[in-house]
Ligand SMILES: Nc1ncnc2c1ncn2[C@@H]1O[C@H](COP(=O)(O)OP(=O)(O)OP(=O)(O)O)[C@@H](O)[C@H]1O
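In structure tokens, the next block holds one chain alone, the form predicted on its own.
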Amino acid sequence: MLNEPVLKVSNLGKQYNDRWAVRDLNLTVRKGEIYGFLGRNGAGKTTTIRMIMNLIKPTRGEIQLFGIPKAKLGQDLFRRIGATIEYPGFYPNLTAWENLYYNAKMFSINEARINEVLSFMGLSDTANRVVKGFSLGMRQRLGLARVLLHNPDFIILDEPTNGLDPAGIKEIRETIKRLNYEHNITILVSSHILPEVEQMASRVGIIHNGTLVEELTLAEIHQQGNTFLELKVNDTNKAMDVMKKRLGIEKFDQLDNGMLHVFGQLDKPELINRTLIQADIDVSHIVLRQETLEDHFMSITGGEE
């Protein structure tokens, strides 16, 4: 049934000495969706995933998978769920096929399935190559092949595009979408690369300082998002002062590298441009934009990296 929770986390917390890495976390991943789990580095994403996967014990809170408390699933948990956490590790002196063979043995999986997942990930031609010679992108693809070996219903991918070049990022992104659309696998993708998540996720949860601050669909972000003028100028402080005094604009977002978001006089970009030039301010970029996932994330987390 669609909208049925595959993962439900309630009041989850993990404390190390006097520091809470995750605190009062609540999130829900629904069947059939790609859920973007977003946060800056150190926000608590990997700690949360480690608790879900039984790698560390929560200090408090509850985790349900497929409507069942995780503690009652036992080994069934690992037959219905797959995950890659941070960088996938392999036996470097074994081939890609041999690495998957030992994982297949753990689940009593037929060897033919190894060839199927290698083919799906475009690794058939490199099945007999030793993994220590693999590029980072090939390792990420092999990690996904290992996740798929036992036909899981739900997979968790922790920063699956970390360290990849643009071509590798696109390849992993398209693979994730195929797994969701063609194989109906529910997917949670943890990431801090927001434009990538925006291109594949249907819903996102934003974690900040260990707490989930918002959970909403991409459609809701776009519907609620502000329209603004994006400007690049040589002096942001002077530009804001001129627009306040001469044009009555009061709301701005000041970004790095001379960028400004201007919320006012949106129907008169030529007036803003002319006014700034007349005040001896160089304007090298001006465009009308709709708030993106990245803009929304920055506005609610304060924008610091």
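Just so it is clear, the model here is predicted, and its values are computed rather than measured. Residue numbers here begin at 1 and follow the sequence given.
The same protein also has a form predicted in complex with this ligand, omitted here; what follows describes it.
Is the gap between R40 and this ligand in the predicted complex 4.5 Å or less for some heavy atom pair? R40: contacts this ligand in the predicted complex.
My question is simply whether A21 lines the interface with this ligand in the predicted complex - judged by any non-hydrogen atom within 4.5 Å. Heavy-atom contact with this ligand at 4.5 Å: present for A21.
Is K70 close enough to this ligand in the predicted complex to count, meaning some heavy atom within 4.5 Å? Residue-level check for K70: no, no contact with this ligand.
4.5 Å heavy atom contact, D125 and this ligand in the predicted complex: Because no heavy atom of D125 falls inside 4.5 Å of this ligand in the predicted complex, the answer is no.
Just to confirm, with a 4.5 Å cut-off on non-hydrogen atoms, which of E86, D165, E111, E174 contacts this ligand in the predicted complex? The option sitting close enough to the partner is E86.
Stretch in contact, per heavy atom within 4.5 angstroms of this ligand in the predicted complex, of 275-283, 40-48, 61-69, 251-259: Of the options, only 40-48 has residues within 4.5 Å of the partner.
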